[in-house]
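Read on for two forms of one protein chain; each stands alone as structure tokens, with the labels structure 1 and structure 2.
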Structure 1
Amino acid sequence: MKVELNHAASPADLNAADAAIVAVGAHDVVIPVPGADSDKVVSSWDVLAGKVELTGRVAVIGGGLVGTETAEYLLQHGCEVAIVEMLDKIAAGESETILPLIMSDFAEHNVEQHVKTRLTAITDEGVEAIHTTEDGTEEPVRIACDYVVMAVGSKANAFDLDGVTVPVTCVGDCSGERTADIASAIRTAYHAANEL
């Protein structure tokens, strides 16, 4: 197998093969609300990769698997954490064997869980959101914090296929399936390889 690094694949490169498998990944999403461009807003991917170090009180926006993992990471590094999630449950996709451990850890560390709550703005003081009650009433919520971590999902990276004539299969985070999920990445790559 030939590996070429520091080389952008051109249509000619791809057309020289019988087929192409594209695995260009994804990037994290930021909710477009007032204040989203603030210096206090960071990516969950950057937090988990150790690119940024946070202290104090942190609001994690998104309580899915990545948001939950980020909250646990922040707890281990001494932060106080609040999670803001639009759905009615934190870590909805987590297995029933792991979820009780996560919830126990969150209870022990007094993690605030704001479910059915939608972010509306980021301010110098923290975040502003809207909580939907059981009867459908919307109530404003303000959460004081030093930092805001976006963990609201990811979007497939674009890859220009103009001029490519061979069959192309996108795998992993750029496949259009669920992103930021290793099982999905492996599954899509496995299927693509088997179809060659």
Structure 2
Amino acid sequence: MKVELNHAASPADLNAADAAIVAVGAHDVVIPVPGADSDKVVSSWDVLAGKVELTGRVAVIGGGLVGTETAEYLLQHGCEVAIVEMLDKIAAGESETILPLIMSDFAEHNVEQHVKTRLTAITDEGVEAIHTTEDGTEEPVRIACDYVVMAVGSKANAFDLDGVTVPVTCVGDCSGERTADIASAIRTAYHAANEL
């Protein structure tokens, strides 16, 4: 098997084969609110990959699995953390075995958990959001912070198939409406390979 690294695949590369399987993954998304292009906004993927080092107060936008994991990472690196989540629960989908450990860690480190809270803007001082109370009333929330970490999901990477003449199957995170997980990437790749 030939492996070529440091090479972005082109239509010509694909056409040189009898068939192609495209597995170009996904990218993380940013909520397009005012201030989203500020220097204080960073990606959770970059934080977890150690590409950026944060200090001080950090607001993590998105309390799903990636946001929760990022919050734990930031706590271990001495940051003060607040999480802003639109749904009524942080870490929805986390295993019932692990969740209590995460919550006790968050309690010990005074992590602010703003649930039912939707980000509306990023300012020099921090973030602005709207919290929806039990009776449906909307109230403004302001969280002062030095950095804002986006952990609001991912979107499939597009691969330009213009000029590609061989049969192509997309697998993994680039293949569907929603990005998924490693098991799904392996499963879709296995089926695609079996179809050849």
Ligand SMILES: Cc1cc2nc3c(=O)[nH]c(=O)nc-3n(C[C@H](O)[C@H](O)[C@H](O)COP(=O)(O)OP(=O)(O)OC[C@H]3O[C@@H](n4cnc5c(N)ncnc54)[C@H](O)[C@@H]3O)c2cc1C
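Every value quoted in this text rests on a predicted model; they were computed, and no experiment measured them. The term rigid core refers to the most C-alpha atoms you can superpose between the two forms while keeping them within 1.5 Å. Every residue number counts along structure 1's sequence, beginning with 1.
Between the two isolated copies of the chain, the form predicted alone corresponds to structure 1.
Checked against the rigid-part motion between structures 1 and 2, the candidate from Glu108, Glu134, Ser95, Ala158 that sits at the hinge is Ala158.
Domain rotation between structures 1 and 2, with the chain taken as two rigid parts and C-alpha atoms superposed, amounts to 15 degrees for the smaller part. When the core is overlaid, the C-alpha of Val168 ends up 3.3 Å from its other position between structures 1 and 2. If you overlay the core, the Cα of Ala19 moves by 4.0 Å between structures 1 and 2.
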